[in-house]
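Below you'll find only one chain, the form predicted alone, shown as structure tokens.
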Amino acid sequence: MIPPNSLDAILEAFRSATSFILTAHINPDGDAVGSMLALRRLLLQWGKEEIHCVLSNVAPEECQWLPDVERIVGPDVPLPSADWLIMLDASRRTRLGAVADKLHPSMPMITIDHHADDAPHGDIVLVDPSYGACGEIIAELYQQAGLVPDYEAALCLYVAIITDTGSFQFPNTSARTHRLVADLLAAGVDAGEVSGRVFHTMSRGRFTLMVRVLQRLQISGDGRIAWSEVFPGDFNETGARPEDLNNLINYGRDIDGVEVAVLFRSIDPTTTKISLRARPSFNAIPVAAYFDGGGHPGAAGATLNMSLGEARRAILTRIQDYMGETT
């Protein structure tokens, strides 16, 4: 008997289906996009032809060169019905943004994610935080299916894994991560070229936005917390896109003595998004969860129905309280 919510359960669902919709979380990162494109190629290898990829936001700059990225459509494109909706790198429909409103609520859903969640959505749910990236799960799905990723799929998987493990620097990197990546390199992926494209190339807009984020960086009196802020006008004035914010707050976390850094992004006068980046000495999940967010111990986030100033006070207070509770 096939165990429920397993790789085999997912593959069995694939076998009996002919049509699929693949999607991932809002403001997608390299893991979301790379996992989606690699899974698309797996389904193609299995002879599936009706595969639709949709995201609420455009793929980030570091993914625009990936094979088949042009096949990802936005939420404004009408979507057909499908045998399965596959949600990647997210575990709740609310994380899909505008795409969620386009999907029939009764469409069967497979959820594949590596973020801890005690109440994930889906009919088949594989949510395992022991994986460093959703891309690792897709790579194992290839193995379980007896398939070898072609060069294009390996490229997408490699980008998925290196972005969510910080090029193997984050604590979520495991021996399994390196074993899976070894197979991707054997498929022809050039690690140096990919790292250069993903981590060492940026638009002028992103560079200008980074300068603003760093100029606004503040550090608490005890040196344990760093934070910065971004406002709606920053994007128009710099020519940057929201996805250009990805990982900029890491610079704050990397300051000697800082345990956690926060980026406050004002969406409108009553809505603020926060991104937390933490060292191993600080678990970001409880802070994000307090505000109905989530993520990993080293990288988490949430959306607060508050002005930026209110969100700043609430988050910094919660971090300080949490530090007091854990010391």
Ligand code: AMP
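Numbers for residues come from their place in the sequence shown, where the first is 1. Here the structure is a predicted model, which means the values were calculated and not measured.
Form predicted in complex with adenosine monophosphate (AMP): not shown, discussed below.
- Shown alone here, residue 286 lies farther than 4.5 Å from adenosine monophosphate (AMP) in the predicted bound form, counting heavy atoms only.
- Adenosine monophosphate (AMP) in the predicted bound form is not approached by residue 63, whose heavy atoms all lie more than 4.5 angstroms from it.
- Contact annotation for residue 206: none of its heavy atoms lies within 4.5 Å of adenosine monophosphate (AMP) in the predicted bound form.
- In the predicted bound form, adenosine monophosphate (AMP) stays beyond 4.5 Å of every heavy atom belonging to residue 307.
- No residue in the set 252, 253 and 278 has a non-hydrogen atom no more than 4.5 Å from adenosine monophosphate (AMP) in the predicted bound form.
- Listed stretches are 35-43, 50-58, 288-296, 66-74; the contact stretch with adenosine monophosphate (AMP) in the predicted bound form is 288-296, by a heavy atom cutoff of 4.5 Å.
- Contacts between 110-129 and adenosine monophosphate (AMP), taken as any heavy atom within 4.5 Å in the predicted bound form, involve only 115.
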